[in-house]
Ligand code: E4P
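We begin with a single chain expressed as structure tokens, specifically the form predicted alone.
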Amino acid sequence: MAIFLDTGKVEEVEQFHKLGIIRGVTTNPTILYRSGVKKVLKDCSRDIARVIAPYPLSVEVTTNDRQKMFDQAKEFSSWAENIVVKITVHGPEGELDNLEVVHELETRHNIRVNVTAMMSAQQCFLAAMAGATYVSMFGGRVNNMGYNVVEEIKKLSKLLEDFKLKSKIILGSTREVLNVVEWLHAGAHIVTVLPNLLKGMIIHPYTKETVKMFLDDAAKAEEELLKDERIKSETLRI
């Protein structure tokens, strides 16, 4: 699946979706806040889901109350068929209700869940055991803690294979262009990227220099051709 775009702005989703290079979109309350999204969550989610359908859009619950997580998950998933509900692996104080909610949504209500905010292969493995469709590890944060997340990705990929678990591995918290290919190569199914990072993957200074050279040389060749045509025309008149 490769690349999901991290944004809450419909215009950014439209821009990169038209290029054919994204396979989904992820949001969370922080992304929406930083994106300056003024629209209500329902309208924003519906708009993005419509643009990228049938690719998935992850929309995160805004509560850690057990019943409210259920209620929001059911509501969010009703907005569009391609909406996936994001739920953190546990609460802010380590509350364990979250995985119970994930398990019930996936196995009893047929609601796809993206378990998020995970920092280790072991967390992701347990979320996969609970039935999560997607398991999201925050690669940049793991690296910031002094560990190489590549090793965690490899361990997790092998665990999913060995136990025949269906979950897809998402790597988020991407800091550098280098992370994207590195993490995919290590075994991640998906890496989430911010729009500026995705532009950085496309645009290269030497490519800009080369394209400029090509265009300059093409203009010179066209100028020479026109010059030759004028000389021939004047010769014929004489």
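Throughout, we count residues from 1 along the sequence that is shown. The structure displayed is predicted, hence computed values, not measured ones.
There is also a form predicted in complex with ligand E4P; it is not shown, and the following applies to it.
Undergrad: Quick one: of 173, 179, 35, 64, which gets a non-hydrogen atom within 4.5 angstroms of ligand E4P in the predicted bound form?
TA: Checking each option against ligand E4P in the predicted bound form, the one that comes within 4.5 Å is 173.
Undergrad: Out of 98-106, 136-144, 154-162, 71-79, where are the residues with a heavy atom within 4.5 Å of ligand E4P in the predicted bound form?
TA: Single hit among the candidates: 136-144.
Undergrad: Determine whether any heavy atom of residue 45 comes within 4.5 Å of a heavy atom of ligand E4P in the predicted bound form, and answer yes or no.
TA: Because no heavy atom of residue 45 falls inside 4.5 Å of ligand E4P in the predicted bound form, the answer is no.
Undergrad: Indicate whether ligand E4P has at least one heavy atom within 4.5 Å of a heavy atom of residue 197 in the predicted bound form.
TA: Looking in the predicted bound form, residue contacts with ligand E4P do not include residue 197, since no heavy atom lies within 4.5 Å.
Undergrad: Looking in the predicted bound form, any heavy atom of residue 186 within 4.5 Å of ligand E4P?
TA: Result no; residue 186 lies far from ligand E4P in the predicted bound form.
Undergrad: Can any non-hydrogen atom of residue 41 be found within 4.5 angstroms of ligand E4P in the predicted bound form?
TA: Output for residue 41 is no: heavy atoms all beyond 4.5 Å of ligand E4P.
Undergrad: Only counting heavy atoms and a 4.5 Å limit, does any residue of 70-88 reach ligand E4P in the predicted bound form, and if so which ones?
TA: Heavy-atom contacts to ligand E4P in the predicted bound form: only 86.
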